[in-house]
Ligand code: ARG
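Just one chain is shown here, as structure tokens, and it is the form predicted on its own.
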């Protein structure tokens, strides 16, 4: 018997445009801790972005920060406020003060004495706002909070090389009970992990990053863990475009990182440009100002 002219039906062919359709995205409500830049100034230099010779326009810095806070609230997120301390000009960079995962708080231990007192201010805030002592940890090793810890569904990514100690990885893994992946930073402009990598979709383990900010071994690890990651150009990394915050749909990032907007849209995200030019004088942008309080 001659074989049939046609094989079994496999349904209609998949159109090319269907394969390229952006992933459906959905915003999820977040809770953030922020600190107004009431006393922000660049009076010392502890990263390549800081130049005490460049004056800060404090009213403009406050207005830019308020715009970021208001954008979060407009997207349905809760913003808690940490009182600024006149002796701590970098407190506006609230991401550095702690890491919160599953309602547990790993405090910070800063590398530079100029910021050391911020750690106690953050832990005092958590105590005042209902966190139990057993859910708070004063760290043994240097870590600068979410500056060097990034959280996805599968891992905690831990940066080191300029600020946080590699020893903080084991401490975080024991405290949070989550696997911690170490990543070595090699470019002093990207002195914290959150200047070189951003989690775009926590549940899907989706990130964007700048490969050249990492050691060769760490680049290989990132390529293995995140083969479909969005890789930023040198220009967008230099605009601190990766110092961004995503709620799963909206990606708030420096408005000058223009090369990231179309790639983000192609993946289904809605990029939102933010002007934090005055705070950039301290080496921080959107993410540096934003600590996430994960339940």
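Bear in mind that the values here come from a model prediction, so they are computed numbers and not experimental data. Positions refer to the first chain, counted from 1.
Note that the form predicted together with ligand ARG isn't included here; everything after this is about it.
Between 153 to 161, 193 to 201, 214 to 222, 132 to 140, the stretch whose residues reach within 4.5 angstroms of ligand ARG in the predicted bound form through a non-hydrogen atom is 193 to 201. None of 249, 38, 46, 56 but one reaches within 4.5 angstroms of ligand ARG in the predicted bound form through a heavy atom, and that residue is 46. For the marked spot (93, 115 and 288), a heavy atom within 4.5 Å of ligand ARG in the predicted bound form is present in each of the three residues.
Put simply, residue 271 is far from ligand ARG in the predicted bound form: not one heavy atom of it is within 4.5 Å.
Within 4.5 Å of some heavy atom of ligand ARG in the predicted bound form lies at least one heavy atom of residue 50. Contact residues in stretch 252 to 287 (any heavy atom within 4.5 Å of ligand ARG, taken in the predicted bound form) are 282, 283, 284.
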